[in-house]
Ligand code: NAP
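As a starting point, one isolated chain is supplied in structure tokens, in the form predicted on its own.
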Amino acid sequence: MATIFDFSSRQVFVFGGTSGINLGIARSFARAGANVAVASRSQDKVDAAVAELVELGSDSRGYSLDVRDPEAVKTALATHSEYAAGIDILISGAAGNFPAFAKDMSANAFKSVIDIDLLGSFNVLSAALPYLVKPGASVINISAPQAYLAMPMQSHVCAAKAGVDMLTRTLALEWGPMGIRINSIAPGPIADTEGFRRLIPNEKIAEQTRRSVPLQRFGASSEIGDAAMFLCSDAAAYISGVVLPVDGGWSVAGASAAALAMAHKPQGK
């Protein structure tokens, strides 16, 4: 797969980069010449991702950790930065999700998503700051449409991702004077991911969701990778504090998504 971006010799660290959207981002940067480190909880997934990235030409390393453990995050970043002499691009994408109505959710279940998505993002960003190249580093948080679109069975994710987006905006203010840019990407329905399979469990729901996307198709993780590379490129050098939906116009539909789906319903059905 060709890329118009060149990140040769740049040091990229992707938290959550062993599956789904985040692995797609890691692949994109590897294809563009970057050296990509990944981290997630599963050692097996870490090993598999590193092997794939090495095949793409990346000087890749992997770390098994839980973003809810700030000391583990600090240790991995310190170890990697000693090897790589700093981090040019940081992607914070670790996330948790499961569908559940708020009335049926325990406090611990709600807290688990807050801890992974929001507290985990804070742990990653705060621990990475000493190792980010200044000026010039670029940071991306992986958000979600739930940050600004209320969705049933997603109260925990809505709260967590809204916090992630405000963290993005706040750090854009605080870190901008150091020459660090920070943005969020909010992916829409991305077909080749575990999250998609959990939230869109059958063909009927998949077809309804597809019709609710103005572009009438699902996205691919490689397209989130393209957006991430743009935001980290010189072409986006004056962009910071932005939450960028990459969703085929899905979030524009918002509350009218169901009506849009009906409008595109095939005749006679």
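One-based numbering along the sequence shown. What you are looking at is a predicted structure, and each value in this text was computed from that prediction instead of being measured.
Although not depicted, the form predicted together with the named molecule is the subject of the following passage.
- Looking at the named molecule in the predicted bound form, residues Asn123, Arg169 and Leu244 place no heavy atom within 4.5 Å of it.
- Contact with the named molecule, judged by heavy atoms within 4.5 Å in the predicted bound form, is confined among 78-86, 170-178, 128-136, 183-191 to 183-191.
- The single contact residue among Arg61, Lys45, Arg211, Arg31, judged by any heavy atom lying within 4.5 Å of the named molecule in the predicted bound form, is Lys45.
- Contact check for Val12: every heavy atom lies farther than 4.5 Å from the named molecule in the predicted bound form.
- In the predicted bound form, the named molecule sits beyond 4.5 Å of every heavy atom of Ala160.
- Although the partner is absent here, Leu231 is not a contact residue: none of its heavy atoms lies within 4.5 angstroms of the named molecule in the predicted bound form.
- Although the partner is absent from this view, Ile140 stays clear of the named molecule in the predicted bound form, with no non-hydrogen atom inside 4.5 angstroms.
- Shown without its partner, the chain has Ala95 as the single residue in segment 95-111 with a non-hydrogen atom within 4.5 angstroms of the named molecule in the predicted bound form.
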